[in-house]
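We begin with a single chain expressed as structure tokens, specifically the form predicted alone.
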Amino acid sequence: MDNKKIAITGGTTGIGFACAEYLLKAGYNIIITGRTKVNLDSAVSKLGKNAFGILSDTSSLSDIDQLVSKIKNEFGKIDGLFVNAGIFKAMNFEGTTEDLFDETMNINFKGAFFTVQKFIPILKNPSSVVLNTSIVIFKAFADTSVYTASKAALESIAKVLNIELADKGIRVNVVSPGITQSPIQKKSGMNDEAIDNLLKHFSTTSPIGRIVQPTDIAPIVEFLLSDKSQVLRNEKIIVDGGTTM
């Protein structure tokens, strides 16, 4: 492999970081984004050689423009994009505010939508786009109404993108993680007890007998970004240890 270049939004922790680490070991060059310089610098330092970090906020269209410009100037065209950046803040339907609605949609859907759009000119022919959604789209969880809507909206456009971008050689597929042990739970506002109970429940009810780890998702993302998936379009790979069977 000729050091393929992959961009990962939200690559400083959790699934994004695990995928960056896995792809680096597989011989890729990786560009990760993060919203804070401290976290971004720390992640790039841990990843080491052939990892590059760019400060960028997915909810800001001007930041996305600058991100694309920087990648184009530094690397030219790239081979793939993992649209991973996202947030989850637990809140029941009746308690959801307009601010929470807008923040979630701006990052998880609007930001992801325009990230793909603005990356089109720097994606090679052929290339791969992978969207990170969630099992919440087809399995209901309390206190996730806005998060669920944002991920469903993102997943719904994959089919359209595959039609519209086919002549550019860009394929779009989806990875749909189950409950995964990552910092997203802590950032959601859940307390430690609630997080422990959630992870324990899915560990004991999962056919694999444990909670899904970010490192379980990384090989799936690499497959979808690699040449091995060139004939796939609008496929959704559910990585949940069988909890939604």
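Keep in mind it's a predicted model, so treat the numbers as computed, not measured. From 1 onward, residues are counted along the sequence shown.
The next section is about a form of this same protein that is not shown, the form predicted together with a small molecule.
Visitor: Considering the small molecule in the predicted complex, find the one stretch among 86 to 94, 160 to 168, 119 to 127, 73 to 81 with heavy atoms no farther than 4.5 Å from it.
Guide: Among the listed stretches, the partner-contacting one is 86 to 94.
Visitor: Does the small molecule get within 4.5 angstroms of any non-hydrogen atom of residue 41 in the predicted complex?
Guide: Contact check for residue 41: no, nothing within 4.5 Å of the small molecule in the predicted complex.
Visitor: Even though the partner isn't displayed, in the predicted complex is residue 104 close enough to the small molecule, meaning a heavy atom within 4.5 Å?
Guide: The answer is no: residue 104 has no heavy atom within 4.5 Å of the small molecule.
Visitor: Is it the case that residue 59, even though its partner is missing from this view, gets within 4.5 Å of the small molecule in the predicted complex, heavy atoms only?
Guide: Yes, contact at 4.5 Å.
Visitor: Is residue 15 a contact residue for the small molecule in the predicted complex, using a 4.5 Å heavy atom cut-off?
Guide: Judged by the heavy-atom cut-off of 4.5 Å, residue 15 is in contact with the small molecule in the predicted complex.
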